[in-house]
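Consider the single chain below, provided in structure tokens and representing the form predicted alone.
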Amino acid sequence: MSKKLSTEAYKGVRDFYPEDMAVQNQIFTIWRNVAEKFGYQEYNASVLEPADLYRAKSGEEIVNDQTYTFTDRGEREVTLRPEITPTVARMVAARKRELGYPLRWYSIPNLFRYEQPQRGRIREFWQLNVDIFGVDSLQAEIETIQMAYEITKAYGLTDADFEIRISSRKILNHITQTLFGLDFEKSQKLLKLTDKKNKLPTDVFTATAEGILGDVPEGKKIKQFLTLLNSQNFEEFTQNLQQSAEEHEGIRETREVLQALEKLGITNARFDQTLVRGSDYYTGIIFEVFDKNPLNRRSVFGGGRYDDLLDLFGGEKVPAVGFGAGDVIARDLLETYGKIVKPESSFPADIYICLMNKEVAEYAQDVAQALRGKGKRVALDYSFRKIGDQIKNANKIHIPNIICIGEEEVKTGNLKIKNLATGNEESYKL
């Protein structure tokens, strides 16, 4: 006897039953509406990319440990895309001279990452990606942050429910490389440690940072570093930097973005010096949107400026700003705030036609086609079960209206449409 197959899905992925698809479509509709309201065009690409694309962007360790990478039958090493930013950079580089700038594109790809499943993070997911190419000015950052704000509001959250945290890779690089004189490798280690500050015990964080800084016995560097990280707001942070850094470009840009957002009525944005973001390709302003509800201790959105990514493909530099938003955390938000549109309030068809017997099937099909021609969604029950059972099924799948067709209806052409919720009936001729 052959072994029975499991009905469980592969670990870290999801099955989408109709009620799940309804929620996903609710999320995708919000994403599309906001992106297209700002003039962005949709694109997509294959889920398969050469593994070298991610090695060049993220390094050998990421490819080996966090991706689904395999050798195909042509001996080519292929990766299921863990993100789409390298792909869109490749696509733009391929037609760089043909495209019109500013170039506004968005996509909703499904992505794959081999990591431990947990709340807000699984192995296969969908993600909104929004990117604007060809804009050097901070207007690109301001526009994309405004879009992230509007999407979060469209989920049903109020300004008091979430905050937008803003930082700058220019400021962070200035601190690690100029202020503390670290080389690139140590600078990256300190930044990655900073990104984990709120997840580590204070003594562990301090000892690790001290080791990276190579501090002198007096501990001046670690004291200065902790003073910067523990600053309560943007102005206090800038005052704690050395005076010569006061007009540093990253400081100026951050101040400008915060002021511009406030003028747009976005008052829940703040500077966060511990925000680093994991991707190594960011070059300027970075930002994340955080839900304040303790149930969702993850970033809702994340992005920033990445002016150097297209350099992987050679040619002229193309400035770029973008962000991503995952569907898993989006669903968590909708559930937390009670904003999911229940399947009961949307239905698969407007009218359900019950058939008394096989002899009336042809006539019932004519009725269905006539109604579809009028823009109605119609489902026929070809089970030929008892009428009561067919009506129960219409109720079960939330179709509001029924027409029962037997020999009498075929003979007279008189049809009655019954609303199952109210019991009201109306008579019609075909």
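Numbering starts at 1 and follows the sequence shown. If you're wondering where the values come from, they're calculated on a predicted model, not measured in any experiment.
Quick note: we don't show the form predicted together with another copy of the chain, though the next part is all about it.
- When another copy of the chain is considered in the predicted complex, only one residue from 83, 163, 210, 124 comes within 4.5 Å through any heavy atom, namely 124.
- A single residue from the set 391, 380, 30, 405 has any heavy atom within 4.5 angstroms of another copy of the chain in the predicted complex; that residue is 380.
- Another copy of the chain is not drawn, but in the predicted complex it has a heavy atom within 4.5 Å of residue 14.
- Mapping the unseen interface onto this chain, residue 9 counts among the residues with a heavy atom inside 4.5 Å of another copy of the chain in the predicted complex.
- Another copy of the chain in the predicted complex comes within 4.5 Å of no heavy atom belonging to residue 178.
- Though the partner is left out of this view, residue 341 does not reach within 4.5 Å of another copy of the chain in the predicted complex, counting heavy atoms only.
- Contact with another copy of the chain in the predicted complex, defined as any heavy atom within 4.5 Å, is confined among 270-278, 133-141, 316-324, 188-196 to 133-141.
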